[in-house]
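Presented below, as structure tokens, is a lone chain in the form predicted alone.
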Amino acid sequence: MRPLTEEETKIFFEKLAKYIGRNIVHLIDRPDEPYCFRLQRDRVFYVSEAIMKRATSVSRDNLLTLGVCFGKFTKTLKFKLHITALEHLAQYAKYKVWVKPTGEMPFLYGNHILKAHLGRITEDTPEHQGVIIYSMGDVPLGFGVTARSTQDCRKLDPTTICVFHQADVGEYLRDEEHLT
């Protein structure tokens, strides 16, 4: 386990900024105890510094996971967020989308969100912006990227895609073997 390099940190924070903006500061400078991001086998983990210091006594080969996995780097150094980061992203989300009950199941099966399934959307959400998807009961379901801005979504046909699917809580069941 090692700290992220400058290039990895830049790529990782750019991806996080798409979803939570400047609230990245709240992830690291927490009032309860300091947290940090560490890299282990191309995966980025969010872990408290106290646990990280204790984990240094475990060899790299024996250490499988530590803290919360935020995602992984591909071989071409692109970062892919995992659904395991949803809890932390939802706390500090800048832009949100609420899905009607009829649209929850299609989204949880990996489909994009259509205009007909859109319950609410944060005002002034730009096009191609990272958003957190909630049920109408404010339960975080996943995250995605807007296909259109808030103003454009109002004028769309009900069968038009408003939010592109990125990840959802249904992945825990569909991709169980890949999340570890």
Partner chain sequence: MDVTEQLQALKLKYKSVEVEKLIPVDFDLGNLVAYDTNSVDVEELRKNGDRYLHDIAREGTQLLLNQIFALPTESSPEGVYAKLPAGTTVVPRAKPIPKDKPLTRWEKFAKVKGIQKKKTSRKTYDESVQEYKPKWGYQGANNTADDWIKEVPDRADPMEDQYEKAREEKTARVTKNKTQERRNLQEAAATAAGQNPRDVRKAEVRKKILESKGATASMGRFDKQLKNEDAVKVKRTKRKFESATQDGAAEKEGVMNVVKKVLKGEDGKLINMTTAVKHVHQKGGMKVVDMDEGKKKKQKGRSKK
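Numbering follows the first chain given and starts at 1. None of the values given here were measured: they were computed from a predicted structure.
FYI, the form predicted together with its partner chain isn't displayed, but the following is about it.
Q: Every residue in 38, 94 and 123 with a non-hydrogen atom within 4.5 Å of its partner chain in the predicted bound form?
A: Yes, each of 38, 94 and 123 comes within 4.5 Å of its partner chain in the predicted bound form.
Q: Taking any heavy atom pair closer than or equal to 4.5 Å as contact, tell me whether residue 98 reaches its partner chain in the predicted bound form.
A: Residue 98 belongs to the contact set for its partner chain.
Q: Taking any heavy atom pair closer than or equal to 4.5 Å as contact, tell me whether residue 67 reaches its partner chain in the predicted bound form.
A: Close contact is absent here: in the predicted bound form, residue 67 is far from its partner chain, nothing within 4.5 Å, heavy atoms only.
Q: Considering non-hydrogen atoms and a 4.5 Å limit, does its partner chain approach residue 112 in the predicted bound form?
A: Residue-level check for residue 112: no, no contact with its partner chain.
Q: Taking its partner chain as it sits in the predicted bound form, is residue 140 in contact with it (heavy atom to heavy atom, 4.5 Å or less)?
A: No.
Q: Let me know which residues along 5-35 have a heavy atom within 4.5 Å of its partner chain in the predicted bound form, or say none if there are none.
A: 5, 6, 9, 10, 13, 14, 17, 21, 22, 24, 25, 28, 29 sit within 4.5 Å of the partner.
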